[in-house]
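Below you'll find only one chain, the form predicted on its own, shown as structure tokens.
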Amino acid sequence: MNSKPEVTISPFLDPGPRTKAHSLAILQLSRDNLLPVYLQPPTGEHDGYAEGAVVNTRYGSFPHSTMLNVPWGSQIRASKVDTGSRGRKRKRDGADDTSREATAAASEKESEGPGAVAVATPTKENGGAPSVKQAVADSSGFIHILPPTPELWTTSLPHRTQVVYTPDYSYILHRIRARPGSTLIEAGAGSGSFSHAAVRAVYNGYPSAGQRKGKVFSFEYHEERYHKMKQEISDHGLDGLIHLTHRDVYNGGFLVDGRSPQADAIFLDLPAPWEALPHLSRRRPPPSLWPSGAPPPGLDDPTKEWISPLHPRKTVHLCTFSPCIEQVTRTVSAMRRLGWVDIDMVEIANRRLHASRDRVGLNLVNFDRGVNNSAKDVEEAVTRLAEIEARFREHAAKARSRAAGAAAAAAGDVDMDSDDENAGEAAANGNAPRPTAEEEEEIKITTNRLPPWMEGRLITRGEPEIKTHTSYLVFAVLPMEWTEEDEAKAAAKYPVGQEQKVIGTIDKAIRKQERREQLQKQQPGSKKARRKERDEKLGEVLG
């Protein structure tokens, strides 16, 4: 019995509950600082680290062994690593080996203490190795490990070109009707931001022999970017879902191995989309509709069959991504000549909102974040002035008392330390004067304060400047071509000329008459009869 080969699902589509070796993970260093890392199993010393592969950040060092087989979203503490041998390429002698063994033994004793980080037990799944040094926790900082998603990948990917950001591609995928099972054409793969979002939108399973599943056909002209994108697709497990082709679509078109992808959604991120639009036609365009006045080589033979890359039985939705309005003008003009309809241009302006608490008051610590150390109202200002005046009077009274005491002491009548000693004994014995009722209420209010994050007014402010990149999005629709057979089926299902009622064919007078008849059916009797009956009842009551 032959069993089907097991398909490895991309972590972008199903990352699973825990991290795995040889898989992509996103390290969140801070809110807007993300770092993509391919987790490596601890198989021995790596780049001078006895703990294996290590990620060094401003928050500390993080061995890969501490990030394996942990739930997504976990907080990873920094570890103490020995960087003394990092980068050394010389061959070590016996003395160095002896010193290394002694250091390893000492570190093993240290790792048994309470600060040791628990490392996943070496198994077949995580590729662990028992000879790797166990990581010891450090107090320098921590990070969070997150599963890869198109949104996180867009923020953290290595930029090869200007990327399509989340606010743009989320709206684009919605407008071009990308859904599970769709076939999407993308021209201008670039850094792969839109490709990862598109494959998640059309994914409905990995295709097998004879099956048609959702797929993205991507085209890239730049050879170096093509090879890097090809490697990323393979590393992310998206080989069966993204078909990448190295081609100039202006001249080569969108066919794959001479066959039609039968696409129903198209996204063009090209400098000159109008030069690629003639290839996206259901029939051969005339020479006048090509930008150069003639078809490119290979398509100029009128006797050769025209193969359209579009789905023959579906309406096709298209979007172009252009940063200049001049590009939009030429693109729209070409769309109109080629039969595209419902042409619409949209610009996405994404703006972040920052929510904070505005804490105002004289009783707040001025060193806290978001604190305005001033009076919040007139009552608090008056109370503060009264406190200052009371303290001034108290200070003046003490000064006068001390002056009188000094004069009495000079005369030899009073002991200078007697009053302070009596006051200290009274406080120790609990005989100090009790605060008044107002003072007790104020103490109660100040001690039972709300948590700092709930104090003050909640204020929301927008960004002063839009920091995200956006372009002009031009959308268009190419309807499905109807055959005579389609027309006959529609005419049989919806016969023309045999309708009982057609909206808009009834004039105002007829509609009023129908309304009167409807009211008469609901309430028997004419309006005049109902008025006469009402008058008779009223006369009986008054008579």
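In this text, all values refer to a predicted model and were calculated from it rather than measured experimentally. When you see a residue number, it is the position in the sequence shown, counting from 1.
We do not show the form predicted in complex with a small molecule, though everything after this point is about it.
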Check your understanding: So in the predicted bound form, does E232 come within 4.5 Å of the small molecule, heavy atom to heavy atom?
Key -> no
Exercise for review: Determine whether any heavy atom of W274 comes within 4.5 Å of a heavy atom of the small molecule in the predicted bound form, and answer yes or no.
Suggested key: no
Check your understanding: Q327: heavy atom within 4.5 Å of the small molecule in the predicted bound form?
Key -> no
Review point. Are any of the heavy atoms in A189 no more than 4.5 Å from a heavy atom of the small molecule in the predicted bound form?
Key: yes
Check your understanding: Are V164, Y221 and R225 jointly within 4.5 Å of the small molecule in the predicted bound form, each by at least one heavy atom?
Key -> yes
Revision key, fill the gap. None of A334, L473, V360, L270 but one has a heavy atom within 4.5 Å of the small molecule in the predicted bound form; the exception is L270
**Study point:** in the predicted bound form, the one of Y250, W290, F217, W72 near the small molecule [non-hydrogen atom within 4.5 angstroms]
**Key:** Y250
Practice item. Please determine, with the chain shown alone, which of 347-355, 201-209, 301-309, 240-248 has non-hydrogen atoms within 4.5 Å of the small molecule in the predicted bound form. Key: 240-248
